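So this first bit is one chain, no partners, the form predicted alone, shown in structure tokens.
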């Protein structure tokens, strides 16, 4: 069976027959890691993100990320700081700079180029926007954002509702021109000890807006993934309830266990979960980590990938060993006796 990268990804998530599991890196490599690899002998002409994927023989997985902010939107004065504090700031300073016209956001020929890459058959494309936890945080700043659920609840909801309305139009504009293989909402709502907000806060401040936009995405047959670092054990259920189809990257250092998620949310899919911290120890440690994940991979709902960006303590030759083993276990993932539950495929 000869499949394109796009076909393989979609069929794998749908529980259909495939030649192997997709072999991808969903995130760009850390620049310090690439610099390390160049000192290890990586040719400079292969150091770009797409070029590196080809160099290692991966299925290309390329992201298109957009924001509702414009060049006129104020920049935060420092890392983690906000650009507003209260409703007047939002109305007078921030709101007038947001929500660009959709046709101004993409260069001429952009969607034709995406289609050309799909026609070549070697590329998975995903589309990313900020989620309803992440986006208000960029306006309030990290600390004030967490206070905003109590100090400015109506403003928080208004911000998210206006953003959701803009996203609905964006999704119609984009997906009517090109059907991405999947899309992600950037959230990072969890840390090593779990979600940063309660279930009640999620249901009040985030869920209504996900329920507004996810059905629009599904109209176009595009699966929805949530990107959140940290321990997502509780959040998996929350996002499943608003219609998300999967999550990533499942950071092992936060104690996550994808087999548990498959048991409690059998309709969801997951990307990542390979412990990046073991890679520096070499091929035997890498193989042991794949052995840990393999039973979950064989259930057909897990695409194993580094659980975030490969650290710079991983030599180039060791990463080559990782890719070789990833390909080996990608073949093994399709040789399974367990019955699998297909991820929803929206037609």
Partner chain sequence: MNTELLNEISEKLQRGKAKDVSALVNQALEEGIAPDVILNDALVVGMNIVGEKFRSNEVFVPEVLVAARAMNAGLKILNPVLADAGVEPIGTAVICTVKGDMHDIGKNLVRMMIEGQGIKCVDLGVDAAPEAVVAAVKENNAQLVCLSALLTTTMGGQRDVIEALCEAGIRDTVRVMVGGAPVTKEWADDIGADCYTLDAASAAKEAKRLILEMKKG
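What you see is a predicted model, and the numbers here were worked out from it, not measured in a lab. Positions refer to the first chain, counted from 1.
There is another form of the same protein, the form predicted in complex with its partner chain; it is not shown, and what comes next is about it.
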Based on heavy atom distances of at most 4.5 Å to its partner chain in the predicted bound form, which listed stretch, 60 to 68, 291 to 299, 317 to 325, 30 to 38, is the contact stretch?
30 to 38
Decide yes or no: are 142, 196 and 253 jointly within 4.5 Å of its partner chain in the predicted bound form, with each residue judged by its heavy atoms?
yes
With a cut-off of 4.5 Å between heavy atoms, is residue 149 one of the residues that contacts its partner chain in the predicted bound form?
yes
If you check in the predicted bound form, is residue 312 within 4.5 Å of its partner chain, heavy atoms only?
yes
Decide whether residue 234 counts as a contact residue for its partner chain in the predicted bound form under a heavy atom distance cut-off of 4.5 Å.
yes
In the predicted bound form, is there a heavy atom of its partner chain that lies within 4.5 Å of any heavy atom of residue 115, even though the partner is absent here?
no
Out of 161, 92, 192, 72, which one falls within 4.5 Å of its partner chain in the predicted bound form, going by heavy atoms?
192
Which of 155, 277, 240, 98 has a heavy atom within 4.5 Å of its partner chain in the predicted bound form?
277
Contact check, 71 to 102 vs its partner chain in the predicted bound form, heavy atom within 4.5 Å, ordered by sequence, gives 79
